[in-house]
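Single chain ahead, written as structure tokens, the form predicted alone.
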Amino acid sequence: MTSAAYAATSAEGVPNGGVSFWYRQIGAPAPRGPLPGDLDADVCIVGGGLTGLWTAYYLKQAQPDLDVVVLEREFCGYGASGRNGGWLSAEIAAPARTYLGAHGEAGVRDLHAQMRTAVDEVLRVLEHEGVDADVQRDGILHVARSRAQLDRLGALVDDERRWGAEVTRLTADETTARIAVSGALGGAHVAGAARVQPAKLVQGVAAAAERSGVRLFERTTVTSVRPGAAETDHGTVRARFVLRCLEGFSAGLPGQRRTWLPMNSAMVVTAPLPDAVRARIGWHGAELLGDLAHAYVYAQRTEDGRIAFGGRGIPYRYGSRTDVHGRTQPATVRALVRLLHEFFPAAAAVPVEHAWCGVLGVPRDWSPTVHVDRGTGLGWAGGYVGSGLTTTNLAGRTLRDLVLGSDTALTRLPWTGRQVRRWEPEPLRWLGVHALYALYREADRRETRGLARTSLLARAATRVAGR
């Protein structure tokens, strides 16, 4: 498929889609060929995003004689791996109570510690493999813009410290001295996270995997997965282990429509900020930026001085449909631009140069899982709920150990082998998700108008969601 097939359209006068702005920066990757026909392998990985690529890379590092095949419908890094906000952080989406009952505080602490180690590991591999991904490690700045958000900020600080993170509580003045977010009442800085350019990262990992001997086949649609084989439109790959690493695109496989819900998240990016605007905003480092709203936002300052700003648009499309090459809706573009200007009034005159969206996987309990059934050889990892950039690395190393039959600290983590109930059938799924986010947005509006504590609407929505 040519790069023209991924060309951006326009929404609100802004280039829209084309997979993502990150690929507009670096250009579409050179295409790899499709599966040439039936073949045999030791491990077949379905999905050429970061979960699949990290798994393949680490399998070959651990056992170079393994024949590892990756199958990808578009190109490696086409999905969320090349569209996300570039947060290489130790954040994991799962609420602690998901794992506390069965594994206790020690198990949850181990999972968080391994996530912090995974940030270091990604940076180690990038340096070892010579991948330039615009890395700058200045941590995360969480900003509270209402009294209710300030209340939740205190809980976030306590939670981060409980699980071993290095976090600093900031006053309003200390927060705006770092980044001049309009209306900031306070903040918290969590050390250790890094800003990256997602497309550069995932393309670097794909190239490293290929150099190690992994066979990558693109433009190959997997039509079904069964023990011992992955069927595609170009032939069948027979393998002892078949690993599903599709995350938000899992619903495209037969039998997986209700496994993980494909949630949509969207981004816009400005032109490089003029010096006068940068002087008013500050942001002299490369801290990642997020708020404490229920329909939260996430942002980074790019290497070339832009603001990339993201949040939820239309959260879910009926029947688990996904976007076409990252194109989002005009209403989503308008909403994100409005929020961007609320956060940074000084940037109101700076053009917005691109908009796009991606799909992430949400399990019914909003907590990721990693699993390999050694009896059938089937395995999977995902359900990262938008916190997957680092989590994919931990998942890939865990899948490696599970495939190789190794009993390690990773295979004993609380997320390994968990079984999660399926999502409700349509139309309940669509109605539930849209009702959930309607409640969250109304809660945000009420909190902005002065509620001092988290809105009861948001508390109810969280209980209904099972989070």
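Residue numbers run from 1 along the displayed sequence. These numbers were taken from a predicted model, which means no experiment stands behind them.
Note that the form predicted in complex with a small molecule isn't included here; everything after this is about it.
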Sole residue of T392, Q203, Q197, Q149 within 4.5 Å of the small molecule in the model of the complex, by heavy atom: T392
Heavy atom within 4.5 Å of the small molecule in the model of the complex, from candidates A209, V372, A165, C245, belongs to C245
Region of this chain that lies against the small molecule in the model of the complex, out of 171 to 179, 337 to 345, 272 to 280, 75 to 83 [heavy atom, 4.5 Å]: 75 to 83
Would G47, L71 and T220 all count as contacting the small molecule in the model of the complex, using a 4.5 Å heavy atom cut-off? yes
Decide whether W380 counts as a contact residue for the small molecule in the model of the complex under a heavy atom distance cut-off of 4.5 Å. no
So, in the model of the complex, is S387 in contact with the small molecule at a 4.5 angstroms heavy atom limit? yes
A355: touches the small molecule in the model of the complex, heavy atom cutoff 4.5 angstroms: no
Does W87 make contact with the small molecule in the model of the complex, using a 4.5 Å heavy atom cut-off? yes
